[in-house]
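Take a look at this one chain, the form predicted alone, written out in structure tokens.
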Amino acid sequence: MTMKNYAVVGGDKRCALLAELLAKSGNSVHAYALDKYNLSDAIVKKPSLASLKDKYDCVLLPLPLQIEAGYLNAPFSINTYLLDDVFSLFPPGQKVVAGKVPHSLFEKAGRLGVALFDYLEREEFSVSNAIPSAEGAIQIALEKLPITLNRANCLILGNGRIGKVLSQYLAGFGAKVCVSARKYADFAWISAFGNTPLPTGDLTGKISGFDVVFNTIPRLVLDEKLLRELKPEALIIDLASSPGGVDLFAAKELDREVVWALSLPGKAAPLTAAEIMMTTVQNILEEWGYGK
């Protein structure tokens, strides 16, 4: 394996653990905007972003790249950083990997001659990441529900990667699982896995009996009308990225319990999430001609 020179900039615990994994593999790792995390001595801690002007084999930014619009996601930093300022530091030709990158930053990277890639464009990353997401969702359900998952009536909104993995895990607990989708092909797969399909666009009158609803669709699905239909004690776990799939204002007014589980892999299984990130970065660099 070819050893490389990495910069890890900001991010949550999974990014800090990513830095540790890269260093443990014999790479040179410089950490930025991770001031409050207790990193090992194998990692060079940088007090400012100034030396990002130096050329690295790859700069690794957070997933998601930003929490507040325009600012680097850096919960372990003592400072805040504008993303425009961060990108302006990169030299032409710098290779950068980040997650959930807004279109405006792809445009900026292009103008600066920076090679920018998004973790979420990689199928192997998204499939692997669905596993800690599904496990984390089940952990929340086990902690929050007053009943067992065995024989619980569960609805999964969306039959994407997370929905597929989650449906199998819930079935393993003995839950009664319904999965919503829009395509006939998805209906066939849902049925093939022994679950019940529901049309996502035709949920009215069909969701009153569920004990827990898992949303994986990143657009409004559970509006006030559907929230009223759910029984008052139903638990709603929203796994979708911003803006989510639940009308949170209506849910609060109706006293419905909603857990919006953002960045779940980094919370539920940060080491596994870091390993997935490292493998994805290695795959990207190999395709860029750097070799593993």
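Counting begins at 1, following the sequence as shown. Nothing here was measured: the structure is a model prediction, and the numbers come from that model.
This next part talks about the form predicted together with another copy of the chain, which is not shown.
Enquirer: Contact with another copy of the chain in the model of the complex for residue 25, defined as at least one heavy atom pair within 4.5 Å: yes or no?
Expert: No.
Enquirer: Are any of the heavy atoms in residue 132 no more than 4.5 Å from a heavy atom of another copy of the chain in the model of the complex?
Expert: Output for residue 132 is yes: heavy atoms within 4.5 Å of another copy of the chain.
Enquirer: Answer with yes or no whether residue 115 is in contact with another copy of the chain in the model of the complex, where contact means some heavy atom within 4.5 Å.
Expert: No, residue 115 is distant from the partner.
Enquirer: Should residue 146 be classed as touching another copy of the chain in the model of the complex when contacts are defined as heavy atoms within 4.5 Å?
Expert: Taking the distances in the model of the complex, the answer for residue 146 is yes, it comes within 4.5 Å of another copy of the chain.
Enquirer: Though another copy of the chain is not shown, can you say which of 155, 138, 97, 83 has a heavy atom within 4.5 Å of it in the model of the complex?
Expert: Result of the distance check: 138.
Enquirer: Of 208, 168, 88, 204, which one comes within 4.5 Å of another copy of the chain in the model of the complex, counting heavy atoms only?
Expert: Result of the distance check: 168.
Enquirer: Should the three residues 2, 71 and 262 be counted as contacting another copy of the chain in the model of the complex, with contact defined as a heavy atom within 4.5 Å for each?
Expert: No, because 2, 71 and 262 lack any heavy atom that approaches another copy of the chain to within 4.5 Å in the model of the complex.
Enquirer: So which of 71-79, 106-114, 170-178, 217-225 is the stretch with heavy atoms within 4.5 Å of another copy of the chain in the model of the complex?
Expert: That would be stretch 170-178.
Enquirer: Within 161-195, which residues come within 4.5 Å of another copy of the chain in the model of the complex, counting heavy atoms only?
Expert: 161, 164, 165, 168, 169, 172, 173, 174, 184, 185, 188, 189, 191, 192, 193, 194 sit within 4.5 Å of the partner.
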